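Only one chain is included here, represented as structure tokens and corresponding to the form predicted on its own.
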């Protein structure tokens, strides 16, 4: 697990400290402290002074608030969090005891989460599922963990699809569609096109932030390009019921979007089976 795994937690911790936060993650600071203790000092990330971290903070905050609301209003008995990372929704959203949340990720990440949250109790049933998305047999691993494809499911693909190749992302959408009973929901995000170095003003960054931004650009260079999300979802068995982006979410939640999201569109969507 690298320090980039902590970026969403860092953003959730900052939002939780705001006077009127869009959500509260009471565990975010605990993860940051444990990470620093186990794996070294977390880089100093300053939202106010860097175009890069301003964009990261805003993007994580908007999508977290959107997906939190979608999961709270869901009545599905199963939720599958793909690439769960340090997601804490099984603990903090007040999900009913009859709901089962399957958290799918690598063993190192899930083990770290278990250590940090030792002694805490989720409000629902939580089942960790060790898997390498895009490589392992997700269907088999989920079914072995108790997943029932006959029941409606909410699939959450937050901060995941842009780490996959187009072929991997499309195969995953089809696999989820094949495992989804009527009434299932797919929540996710995908880029209109991969990042370009010119999407952020590199000349306004210090050397460390500029290098980090170039790492992001390189990491996402093979991301799926999805100019029309509704058509992309439909081609893989899903009907789009809502498609928005980070700018639209900013209007919804009363936050002004950084200019970055005018150039690099990050689609946020809800689809149904």
Ligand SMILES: C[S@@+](CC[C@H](N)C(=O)[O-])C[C@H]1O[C@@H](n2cnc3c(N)ncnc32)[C@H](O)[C@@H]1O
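What you see is a predicted model; the values in this text were computed from it and never measured. Positions refer to the first chain, counted from 1.
The form predicted in complex with the ligand is left out here; the points below concern that form.
Partner contacts here mean any heavy atom within 4.5 Å of the ligand in the predicted bound form, and among 102-110, 194-202, 120-128, 144-152 they occur only in 102-110. A heavy atom within 4.5 Å of the ligand in the predicted bound form is found for one listed residue only; from 185, 71, 173, 84, this is 84. When the ligand is considered in the predicted bound form, only one residue from 90, 179, 79, 160 comes within 4.5 Å through any heavy atom, namely 160. Not displayed here, the ligand is approached by residue 5 to within 4.5 Å at the level of heavy atoms in the predicted bound form.
Looking at residue 169, you'd find every heavy atom of it more than 4.5 angstroms from the ligand in the predicted bound form.
Put simply, residue 190 is far from the ligand in the predicted bound form: not one heavy atom of it is within 4.5 Å. In the predicted bound form, the ligand lies within 4.5 Å of some heavy atom of residue 164.
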